[in-house]
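Only one chain is included here, represented as structure tokens and corresponding to the form predicted on its own.
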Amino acid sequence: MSDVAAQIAALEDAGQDELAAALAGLSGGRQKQLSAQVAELDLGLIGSLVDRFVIAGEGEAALGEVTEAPTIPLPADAEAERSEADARSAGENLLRSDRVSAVLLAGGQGSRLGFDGPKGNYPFAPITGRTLFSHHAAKIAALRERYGCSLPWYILTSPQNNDVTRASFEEAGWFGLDPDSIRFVIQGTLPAVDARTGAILREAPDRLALSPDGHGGLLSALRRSGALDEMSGAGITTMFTFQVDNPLVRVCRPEFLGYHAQAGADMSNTAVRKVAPEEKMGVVARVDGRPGVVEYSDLPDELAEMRNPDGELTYWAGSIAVHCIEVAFARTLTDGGLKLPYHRALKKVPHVGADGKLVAPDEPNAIKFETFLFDALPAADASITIEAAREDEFAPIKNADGVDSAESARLLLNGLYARWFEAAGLAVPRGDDGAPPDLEVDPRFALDAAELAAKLPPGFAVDGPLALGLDEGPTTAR
């Protein structure tokens, strides 16, 4: 029996008759292409997901008992400031001893932004037009310089954007970084299935409708690619993971690294205070006594709206998908294959029908399956959550306009840099609405307010829109 004939038989045995017929009806290169994709399918897994989420109509698993998770808040007194200083010192020692790697999750496309290409290529900066990739690369470079460390950078891509992402780094001269210090890791994919029948969908006659398996696929991708072995061999103990769409993130924040190390934690979180109960952020909590993140859509209204005697939300700790993860913990989880729970998402997925013609649905017609990285938290023997100042560390760019857009991120970044200049004793002009002008500070010029203050020459002034870059010097205004 040929490989294609064996695949057709396996698809029929799995109840995927439509895909089996499609594969049988192709020939030449088109059959070869579809066959290659079919060969990568885990039909047993797909069958179990279809049985659960399509045939049985199973929803998300019952939530369990939700209680508050201990959280390290922003320091409010001298004792807390001393604890933070100790944690900062511990985190800086981790960096200087080359025990930390940076891991960027960048598998997404910029479709919600109206941008054609990897989200990391989105030009978010209002003056220079700097991309998200360029901005994060500058932070990596600055951290390496400050701490004298190698800080290897791992970038999780998807099959859809990997080639373009690599090409953008090459065309940009690797943003001034050593190419050997950057490693791309491709996450896995799963096919979309028809929401009524569970049939695997095709986006073209010879191509499956595949989508990334969610950020929960990070650990498996790191293990499958050999990256975890590489980290272990280099003496790296801790990964700092962050999302590509947050230009305000403090990459490898020493305080976070330090608190995580001091607690002997396996996996830890950074959280910000939710602005309202209905804000679409998962909350850090304990579920049946174990650490976890509860998706906003799963948190009962009575818990989302619950308040403490001081009026603050009880479940205020909104997860910003920034984690410290021990390499040893990741290796343990991936021994024998990671078994994170799968979640379903109902989506509109264009596809070809049995006649080979494209169908563009008006309503959600398909189910996509994905896993979430935070679902590894319950397996952690120890975990901490640290609060970050929202205005300093969280400016996601997800939407074309409105909330969590490039415009909202621009305002937050301008506010951050204005506070840096003002902390250095400079006046910053503000409009009638109190907003400062557009401001940019290259992370290689200054990673924080203290470094900025130390580098500004006497007599420097902020008169309007301003971009400070490593090459241009501190007087560049555009």
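What you are looking at is a predicted structure, and each value in this text was computed from that prediction instead of being measured. Residue indices: 1-based, along the sequence shown.
The same protein also exists as the form predicted in complex with a small molecule; that form is not shown, yet it is the one meant from here on.
*Asks:* Going by heavy atom distances of 4.5 angstroms or less, which of Ala366, Ile72, Val327, Leu105 would be at the interface with the small molecule in the predicted bound form?
*Replies:* If I apply the 4.5 Å criterion carefully, the residue I get is Leu105.
*Asks:* The small molecule isn't shown here, but in the predicted bound form which of Arg307, Arg112, Arg224, Arg331 has a heavy atom within 4.5 Å of it?
*Replies:* So the residue touching the small molecule in the predicted bound form, by this definition, is Arg112.
*Asks:* How about Arg286 - does it come within 4.5 Å of the small molecule in the predicted bound form, if we only consider non-hydrogen atoms?
*Replies:* Because no heavy atom of Arg286 falls inside 4.5 Å of the small molecule in the predicted bound form, the answer is no.
*Asks:* How about Gly214: is it within 4.5 Å of the small molecule in the predicted bound form, going by heavy atoms?
*Replies:* It does: once the small molecule is placed as it appears in the predicted bound form, Gly214 has a heavy atom within 4.5 Å of it.
*Asks:* Is His323 close enough to touch the small molecule in the predicted bound form, meaning at least one heavy atom pair within 4.5 Å?
*Replies:* No.
*Asks:* Going by a heavy atom distance of 4.5 Å, is Asp245 a contact of the small molecule in the predicted bound form?
*Replies:* The answer is yes: Asp245 has a heavy atom within 4.5 Å of the small molecule.
*Asks:* Tell me which stretch of 192-200, 82-90, 264-272, 237-245 has a heavy atom within 4.5 angstroms of the small molecule in the predicted bound form.
*Replies:* Flagged stretch: 237-245.
*Asks:* Do all of Lys119, Leu156 and Gln187 end up near the small molecule in the predicted bound form, with near meaning a heavy atom within 4.5 Å?
*Replies:* Checking in the predicted bound form: Lys119, Leu156 and Gln187 are all within 4.5 Å of the small molecule.
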